[in-house]
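Read the single chain below, which is given as structure tokens and is the form predicted on its own.
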Amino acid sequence: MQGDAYPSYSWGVNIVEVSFDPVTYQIKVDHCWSTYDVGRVVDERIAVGQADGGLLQGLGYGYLEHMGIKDGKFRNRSLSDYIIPTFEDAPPMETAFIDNPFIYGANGAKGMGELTLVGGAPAIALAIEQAIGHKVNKIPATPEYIMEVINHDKH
């Protein structure tokens, strides 16, 4: 129980632009912008792949991936009834890195693993809020949930 387990922190910001279909309540992710401070990027191609893949996973968590549980058992039994983002769901993404070398990191690098995932869901929830003009209080913000939110606020 000695030492500093977390000598540095990585930071990131995600911006998501969505379109909303008021007939089907479907959300389409139009574009994403991300910036990360992960120290010094050692291999930019790999870092962009990690960043964009993590963001897409976070987006899916925020508006597609509904896991049903009943009586303590998962209702989703396969990928046919547990929807994850595919290539067709991947929006254009612009990803940038801030070169901020960490003195104690290998070649100045800091970690970036989970960082690229955690911002996607809140970013898309806020984008959906702005698009529909109603508060989004849970994820995933599925079309069914969005319909409930909009129709509840009408009454």
Partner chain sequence: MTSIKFRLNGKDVAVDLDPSMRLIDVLRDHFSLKGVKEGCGEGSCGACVVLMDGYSVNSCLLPLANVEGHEIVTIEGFKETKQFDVLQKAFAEVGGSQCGFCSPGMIIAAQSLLSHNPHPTEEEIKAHMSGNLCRCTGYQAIVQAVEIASKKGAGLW
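Numbering follows the first chain given and starts at 1. Not measured: the values here are computed from a predicted model.
Below, we turn to the form predicted together with its partner chain, even though it does not appear here.
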Considering non-hydrogen atoms and a 4.5 Å limit, which listed residue (Asn100, Thr35, Gln26, Gln57) is close to its partner chain in the predicted complex?
Gln57
Of these, Gly108, Gly111, Pro122, Gly49, which has a heavy atom no more than 4.5 Å from its partner chain in the predicted complex?
Gly49
I'd like to check something about Arg45: if you look in the predicted complex, is any of its heavy atoms closer than or equal to 4.5 Å to a heavy atom of its partner chain?
yes
Applying a 4.5 Å heavy atom distance criterion, does Pro92 contact its partner chain in the predicted complex?
yes
Residue contact check: Arg77 to its partner chain in the predicted complex, 4.5 Å heavy atom
yes
Contact test in the predicted complex: Glu129 vs its partner chain, heavy atoms, 4.5 Å:
no
Heavy atom within 4.5 Å of its partner chain in the predicted complex - qualifying residues of 81-113
Tyr82, Ile84, Pro85, Thr86, Phe87, Glu88, Ala90, Pro91, Pro92, Met93
